[in-house]
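There is one chain below, alone, in structure tokens, taken in the form predicted on its own.
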């Protein structure tokens, strides 16, 4: 492991400080672990809140800003923040309009979110939670984890909140997005933990893992390395099957590089995916190839697909301005 860092025990604080210094008009840091919009949204509008470990940049703290998240509670590298940190985040943006709490389906995040939500409600804070579960797993009976699809909820529900929609409307929209999106990950190389240097499992030089999750937690399907077009077909077939996509449907597509995968590879994957969906009569109406949620130097990518309707398409195009994503 070769990284330009300082004290491994201070990684989170230093990276958050650096982000705030790089984007002072977009975010500020409160109490070391809260990333907050530099300019608060009107208090009569719903707040959008999330939580997550660092080391996944730009996710999730990098999506705080106009048109997306109002605040994010940061944990240490790949670790959920504790309930008190998330409670402090909710108090930071508490308002009569209420808030949407976006939680990715990982054990630590779920535990922290559940405890913090209970404490917040006991203090009279109005909060509705959405748990993202969009991952495609090897078998249909396995519950999906929350992967890069959280980006769709941040972007689209953040836009709805900016427009002044009610908490009930935004919660319904979040559930619609969660029901209509799917993410499947493929890894060609595994990451190392930047604090400890520990490698996340094993994967042969001539192997790749489908349904690999965020970090390569295991439980995926290991197979020989394949070409871009062959890999895209494997991934897209599973998404089409899971969501029942058919000719005439419209989708938003993101090819999310996992950290080490080059833009060259991401663009080729997007092109191959575009060919695949076009051949099936499925129209891509938005999206991009870039890094949305990374795992240090993990090789591979996530294919993230959202079936779109008129409401989703309009909000997808709405302006936002965050360190990790901007729409003019």
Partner chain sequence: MSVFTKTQFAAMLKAAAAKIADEHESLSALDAATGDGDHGVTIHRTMQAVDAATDENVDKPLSDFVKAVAMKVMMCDGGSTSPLLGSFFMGFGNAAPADELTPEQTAAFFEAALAGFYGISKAELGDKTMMDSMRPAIETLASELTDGSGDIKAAFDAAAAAAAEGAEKTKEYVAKFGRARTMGERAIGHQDAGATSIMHIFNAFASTL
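Computed from a predicted structure; not experimentally measured. Residue numbers count along the first chain shown, from 1.
What comes next is about the form predicted together with its partner chain, which does not appear here.
Asker: Want to guess which of 121-129, 74-82, 240-248, 159-167 is within 4.5 Å of its partner chain in the model of the complex, heavy atoms only?
Answerer: Flagged stretch: 74-82.
Asker: Would all three of 106, 137 and 199 be in contact with its partner chain in the model of the complex, where contact means some heavy atom lies within 4.5 Å?
Answerer: Looking in the model of the complex, the three residues 106, 137 and 199 all sit within 4.5 Å of its partner chain (heavy atoms).
Asker: In the model of the complex, is there a heavy atom of its partner chain that lies within 4.5 Å of any heavy atom of residue 234, even though the partner is absent here?
Answerer: The answer is no: residue 234 has no heavy atom within 4.5 Å of its partner chain.
Asker: Give a yes/no on whether residue 117 approaches its partner chain to within 4.5 Å in the model of the complex, heavy atoms considered.
Answerer: No, residue 117 is distant from the partner.
Asker: I'd like to know if residue 223 sits close to its partner chain in the model of the complex, meaning any non-hydrogen atom pair within 4.5 angstroms.
Answerer: No - in the model of the complex, heavy atoms of residue 223 and its partner chain never come within 4.5 Å of each other.
Asker: Since only the chain is shown here, I'm wondering whether residue 112 would be in contact with its partner chain in the model of the complex (any heavy atom pair within 4.5 Å).
Answerer: Yes.
Asker: Out of 15-45, which residues reach within 4.5 Å of its partner chain in the model of the complex, heavy atoms considered?
Answerer: The stretch 15-45, when checked against its partner chain in the model of the complex, contributes only 33 at the 4.5 Å heavy-atom cut-off.
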